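This document starts with one chain, in the form predicted alone, laid out as structure tokens.
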């Protein structure tokens, strides 16, 4: 069993606390992604699991074993770093075998382990090359292979794809997904890229300033964000936010007055809302509609991006925290400087109170 259990994990550097009591259960064989902006504590948390950072307080269990005071080499984990950290004077095979050699493994067993990892990663033709003769993607495969040969209980990935170009990142995401399926190992993966998180994870842990904001499946976080932070972080392009004032509330809907005086109805359970309170309406770029049947917002087109399969419109609208992003059909012919109206389907809207907490949506369209 290779479950990872964290109970009240705190980490401080001097008087500065980086992790503020993290509680988390990662199941055996699960692929969990830590995601969040730079400085949120995700890499510190990963390094604490690996044993590369001491835990200030709290308890860590790996495979049922209390690991707070166990050295990294005895925890049954293997870590793949952002930098490949390959020895330039060694061949691929020697790089992959180096850790096993230090551990005193028999040469025959060592070769079997390296050959097995090379076959899994499809790098058999590269085994006699030096790192300088490899592409970035090939080097990262070697770094992953070095972890595989150790047969760890838990794989830890610290932003392993950030040094690769966009096309290679897509390819390597597919490779890592296949690797997880083939090995059925527990994997914990750190990234600031929410697209990586959405495509790789069984569950995502969203972190902010050393706190866990929400844990759930990718689609759970996408469709049911707990607060403004998660709603704005998960999704690309991110959710649009428009400030307003709560006018009326019930268990099925809420009416919000926007800055331009227009009224918007959202299909949420807003019974706890207080009329007159500040609220924020949220809607994702793909959920706008182009009709004038009410529940509309007007804005000026300030930029147009033709992406081939779609057109992205950027609108300047009163009350919007940032330019609104509207995903339209590829054939949409809006021009910069044009004023247009867009419809907000009530069932597609989100609503957040002044503290940023989400009201529960009662239906979707």
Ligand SMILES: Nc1ncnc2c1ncn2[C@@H]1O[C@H](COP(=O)(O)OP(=O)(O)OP(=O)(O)O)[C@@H](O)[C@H]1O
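Residue numbers count along the first chain shown, from 1. Since the structure is predicted, the reported quantities are computational estimates derived from the model, not experimental observations.
Omitted here: the form predicted together with the named molecule. The next part is about that form.
Point to revise | the named molecule contact at residue 153 in the model of the complex, heavy atom, 4.5 Å | key: Contact with the named molecule, no.
In the model of the complex, does residue 37 have a heavy atom within 4.5 Å of the named molecule? Answer yes; at least one heavy atom of residue 37 falls within 4.5 Å of the named molecule in the model of the complex.
Item to complete: May I ask you to state whether residue 159 is within 4.5 Å of the named molecule in the model of the complex, using heavy atom distances?
Response: Yes.
| field | Partner proximity in the model of the complex: residue 130 to the named molecule, non-hydrogen atom cutoff 4.5 Å | value | Result no; residue 130 lies far from the named molecule in the model of the complex.
Requested in this report: Check each of 192, 203, 169, 284 and return the one that places a heavy atom within 4.5 angstroms of the named molecule in the model of the complex.
Outcome: Comparing distances to the named molecule in the model of the complex, the residue within 4.5 Å is 192.
### Message
Within 4.5 Å, heavy atoms only, one stretch in 42-50, 303-311, 317-325, 25-33 touches the named molecule in the model of the complex. Which?
### Response
Only one stretch qualifies here: 42-50.
*So which residues in 4-22, when you check the named molecule in the model of the complex, have a heavy atom no farther than 4.5 Å from it?*
If the 4.5 Å heavy-atom criterion is applied to the named molecule in the model of the complex, 4-22 yields 13, 18.
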